[in-house]
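Just one chain is shown here, as structure tokens, and it is the form predicted on its own.
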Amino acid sequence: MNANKEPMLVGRNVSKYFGGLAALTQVDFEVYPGEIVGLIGPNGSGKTTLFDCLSRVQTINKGQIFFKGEDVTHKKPYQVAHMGLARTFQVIRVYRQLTVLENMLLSRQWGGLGVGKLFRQYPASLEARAHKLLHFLQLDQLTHEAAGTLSGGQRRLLEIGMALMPNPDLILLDEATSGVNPTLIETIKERIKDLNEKQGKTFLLIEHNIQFIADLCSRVFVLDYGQKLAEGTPQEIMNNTAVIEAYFGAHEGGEDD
């Protein structure tokens, strides 16, 4: 599989410790251009911590991370964002007091800007992109509404739109269906499919909704206690005895670190 392609995102022996606790231990993985890959595991297995390390929000203690062939292990978050990596968060992060459109426009900034520059006049091309994405995400009727008035599902869609504003190559989506009603889950699923098939966007998804993963992903890898437990197609993963034990066995975790 993917023998003719170089991976877009690579982790080699990625390890992260918080004090004496190992949150991630020697995690290896690859994500190839054009893939939609799932990342699953019980609560507390290290999924969000891995996203934090990939997006450089957290430093890693051991190992290396490569993006588009470049070692990004020690880069800052805005630097990997500028290279074309975007992410969403487990807890939705939007500016609740600002309008939907203002959220979209602000999300294009890279860092290193003063507060005054954040609210300067935006070029027409940037506003046009924001409007186009809002239409694509079925949020155009809410353009001038405060983001805090949106439903949980609508805020999820807005957060995805904000991640898309810089036109990234790879999007890390952290629990895109959490707290979202079934109708909007289908909308999110269709938008991801369209972005993947028509625009060539690559995705790595953290998700507890196994059906969502099965419908979208060609490949899934599983974390448990900070280690990679398994990797395969959704069907292979759902029939994997070790994965079933991790999800439905004796141990229960809290929130991801």
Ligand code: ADP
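What you see is a predicted model, and the numbers here were worked out from it, not measured in a lab. Residue numbers run from 1 along the displayed sequence.
Another form, the form predicted in complex with the named molecule, is not on view; read the next lines as being about it.
A.B. asks: Give a yes or no on whether each residue among S107, G161 and L173 has a heavy atom within 4.5 Å of the named molecule in the predicted bound form.
C.D. replies: Contact check failed for every one of S107, G161 and L173.
A.B. asks: Is Q138 one of the residues lying within 4.5 Å of the named molecule in the predicted bound form, judged by heavy atom distances?
C.D. replies: Looking in the predicted bound form, residue contacts with the named molecule do not include Q138, since no heavy atom lies within 4.5 Å.
A.B. asks: T59: heavy atom within 4.5 Å of the named molecule in the predicted bound form?
C.D. replies: Output for T59 is no: heavy atoms all beyond 4.5 Å of the named molecule.
A.B. asks: Quick one: is Q211 in contact with the named molecule in the predicted bound form, heavy atoms, 4.5 Å cut-off?
C.D. replies: So Q211 does not count as contacting the named molecule.
A.B. asks: Could you confirm whether A23 comes within 4.5 Å of the named molecule in the predicted bound form, counting heavy atoms only?
C.D. replies: A23: contacts the named molecule in the predicted bound form.
A.B. asks: Could you check which residue among K201, R219, K228, K47 gets a heavy atom within 4.5 Å of the named molecule in the predicted bound form?
C.D. replies: Filtering the options by heavy-atom distance leaves K47.
A.B. asks: Based on heavy atom distances of 4.5 Å or less, which listed stretch (35 to 43, 228 to 236, 64 to 72, 190 to 198) is in contact with the named molecule in the predicted bound form?
C.D. replies: Heavy atoms within 4.5 Å of the named molecule in the predicted bound form occur in 35 to 43.
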